[in-house]
Each structure stands twice: as structure tokens, then as C-alpha cells.
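Encoded as C-alpha cells, the following chain is the form predicted on its own, with no partner shown.
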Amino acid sequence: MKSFFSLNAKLFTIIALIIISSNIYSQGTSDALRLGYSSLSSDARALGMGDSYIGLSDDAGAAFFNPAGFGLIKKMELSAGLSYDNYGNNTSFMGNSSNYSASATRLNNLSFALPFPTLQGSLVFAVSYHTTRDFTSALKFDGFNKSSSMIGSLNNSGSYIPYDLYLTDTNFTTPLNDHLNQSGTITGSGETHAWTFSGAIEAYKNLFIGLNLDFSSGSYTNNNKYYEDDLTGYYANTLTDPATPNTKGFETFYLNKTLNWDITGWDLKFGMLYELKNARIGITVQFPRSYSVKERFDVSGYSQFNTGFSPNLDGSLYSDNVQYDIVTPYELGAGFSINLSSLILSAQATLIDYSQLQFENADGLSDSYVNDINQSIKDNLRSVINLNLGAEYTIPGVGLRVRAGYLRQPSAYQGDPSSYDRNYVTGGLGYLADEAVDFDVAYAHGWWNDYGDNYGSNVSRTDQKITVDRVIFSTTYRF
């Protein structure tokens, strides 16, 4: 009787429940930011200089920073690189601390630039492949919550999940509202990469202009495993459903949510670069990126009682396929570099208004739901200015270049303290052999704080100290 009632009730209410319950659906501000946040570059020289490259960009890094910089290239260039990324998370939850990490290694860039002979000035075309975003992430938590539970939160929000797992009675009342151990892991993986087609000309003496056309693709997977266990025997003599004797002695509730994205997109970037005697000034306009996301959202779970009774969730009733676009805001960048004999110094600033992130063209989501998400983005996000600083020193007579940098990306959320800003320190080495082959290596270390709510607001919260490490090795051949 219970399964029959549950199935038929959900046939009428599943769409509404999916939309109103943030506990079992995915779209939101954080999903827009996943594609909206600025990322580290895939160019070793630029990364070693803190990604402060808008006012330099005289190599393959122009595909990521300032396409006008391709106009400075005088010889054909072929470059390629590998990267290693590690994501670490020290999480505090209910007084307990947990460390968790994940890593990824990949081919992160491949570029070819071809200068064309001209009577004066320059004309250069280039094609590049590069990783634009890394979605590697990890989180682990474990602690005793004596005041709330996800079971109770799901039940109060109108979800049928507790009912289907016999964690409520037939009147949708559950005793499992507190005194449970909560644990789980949340892992993310995937990337976006782009094929970039670039062109640059010297429009006027020492004034270069360029354009990038990007075609992006990629994937993202998030796997959320969540447990609530009665480790103390608090409910050993409790029937969650008095009409079902097997529901005595609750032991475990398990919920697994898996999100899969298939991502495609395109965008344009315009750049200008003016070269002075020993300095360069650059300006870029990153036009809004349009990403199409095909999303698969799957839910599974079970409950377990000390009677041996262990019902499983019919995940098909909670899983779904939807499609939508995420459109990022304009990004306005300006930078300069100055060459002081063997020392190059660079700095740049980028203005991004994250409140202009948008969900559009949704298929499978109601207009009112999408409007609510977009309004939440406007209400909670803000404009920021990313700052980058870099330096490169060439050791005379050796050909060895030493690099260092710093970059700061303020949190996109209004009211966040500075500890939630993303900070990176970087360093690198480069070696030019026979004026034809460059070998470059770079390292970046980033850190910031974050938090996440398993449900509700600050009733089952993970406080996170995140670290990110990236290593890039690349080589360039000029001929």
C-alpha cells in the first residue's frame, strides 16, 4: 500500500518537488559561478608571473590573455605543455577535522602561430588548444549532530524520500530529527578546454589589435555521498513507521546524488597592445561566454534497520535530464609591463560583475524557477576587481629566467570576508636554448576559505580551508 500511494502521489507532484527542494536539485548560484569564476592559465611563463600577462602576451599565452600580443611574434611558434593539479580541503564539521584531496594530470595546451610576410607592420594567425577550467575538488566530513538531521529537513520540505525509505509514518511524521552521526564525501572532476582561433595585426606603428574566437567543450561530474547513522543507539527501540514492524531500530540513511554536465560553448575576446620604448600597455574585452549545459541528475539511496529491513530508493522518480545555457558577464582587463634591462615587471586588473551571470534557454525547468535563480544571483553576487602582479629576471649570460607572481581574486559573494578571497603565489623558471627552444616550468599555490551546507542554513555546515596547487611544464620551438 505504501509503495502504491507513494508512486501515484509523485506522478502528480514530482515536478513541483524537484523545483522547490534545494536538497535534491542542482541549479543555483554556485553552478553559475563554476563557469563564471576566473581560472588559472595554462601557460607556464604567464603562470610563473602571476598570470599578469595582458600587458606582455608576446607568445602562445596571448590565446588566453590578450590576442593582440600575437602581433609581436616574428617567427613561427609551436608550443605544448602538461599540467598537474591538486585540490586539498581541510574541513571542520561538528568539532571534527577531516582532510581530503584529489588530483588530475593532463595535456593543457598546444599552440601554433604563423606570421605572414607584410610590407610593414605584422599579420599573425594562430590556433591553440588549452584547458580553460579545472573542476577537480574534494570534501570529506564526519561528525555528530545532536540538533537536526537531513531526514527531518527533507521531510519538512515536502520531499517523499524519507517516506519512500520508511523513515516516516503514513502521516509523514518522522522521529529521526536529531542525535545522528552525519558523514560523507563530495568529489568533483572534469574540465573545460577550448580551441582558440586568433588573429592579430599591427594597425598603426606599435599599436597591435587582435581577436580570439573560442569554441569550448568539456564535462563535469559531482558525486555527493551522504550518511546519517544512529551510532549511539538513540533510536534502537523506535519504530519509524508503527504500521511496519520491521522499521524498529533505525541504523542508517544513505543518499547519493550524482550530477553530470556535458558542456559546449563559444566566446570572443578583443585585445589591444601598445608598445613603447621599454614598456607595453594592454587592454582586453572578454565578451560574455555562452555555455550550453546538458545535465543528468541521478539520485539513489537506502535506509537500514537492525531488523534486517533495508528498503532502496527508486531513483528514477527523483532523477532527471534538463538543458540550459549559462552566460557569463563581460570582463574588462587592463595591464602594463616594463622592461628594465634584465628585469620585466607587470601588473594588471580585471573588472568582472558576477551579478550579471544568467541562466537562459532552459529546457525542463520552469520559467519561474529560472527567474528565481537569476534574481538570487543579482541579489547575492557583486562586482570585483582581480589583481595580478608578476616579475621575470633574466640572469645575464646564462639564458635562465626566474619568475615570481601574486594574484588575488575576491569572492563573488556580497558580504564575504577577505578570508574567502582566492589568493595565489606563483613562481617559475625558463631557459632559452639556442634562441630557438624555450623550456618553462611554473608552480602556483592558492588558498581560501569556504563553507557548505548539507541542508538548511548553518545547521549542518562544513567550514573549509581549501588549497590548490598547479604545476605546468611547457616547451616552445621557434623556426
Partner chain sequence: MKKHITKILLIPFIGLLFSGCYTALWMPDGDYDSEDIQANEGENFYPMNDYGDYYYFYNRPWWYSAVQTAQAKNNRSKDLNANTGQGGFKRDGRSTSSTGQTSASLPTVSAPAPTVSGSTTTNTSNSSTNRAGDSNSSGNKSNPVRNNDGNRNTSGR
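Positions refer to the first chain, counted from 1. Treat the numbers as computed from the prediction; the structure is a model and nothing was measured.
Beyond what is shown, the protein has a form predicted in complex with the partner chain; the following relates to that form.
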| Okay, which stretch from 130-138, 163-171, 244-252, 194-202 lines the partner chain in the predicted complex, with non-hydrogen atoms inside 4.5 Å? | 194-202
| query | Heavy atoms within 4.5 Å of the partner chain in the predicted complex: does S122 have any? | reply | yes
| task | Spell out, yes or no, whether the shortest heavy atom distance between G430 and the partner chain in the predicted complex is within 4.5 Å. | result | yes
| said: Is N109 near the partner chain? Define near as a heavy atom within 4.5 Å, in the predicted complex. | reply: no
| request: Could you confirm whether L82 comes within 4.5 Å of the partner chain in the predicted complex, counting heavy atoms only? | output: no
| task | Taking 4.5 Å between heavy atoms as the contact cutoff, choose which of P175, G143, G399, G88 touches the partner chain in the predicted complex. | result | G399
| request: Have a look at V285, I385, L231, A236 for me and say which one sits with a heavy atom within 4.5 Å of the partner chain in the predicted complex. | output: V285
| field | Partner contacts in the predicted complex for 258-276 (non-hydrogen atom within 4.5 angstroms of the partner chain) | value | F270, M272, E275
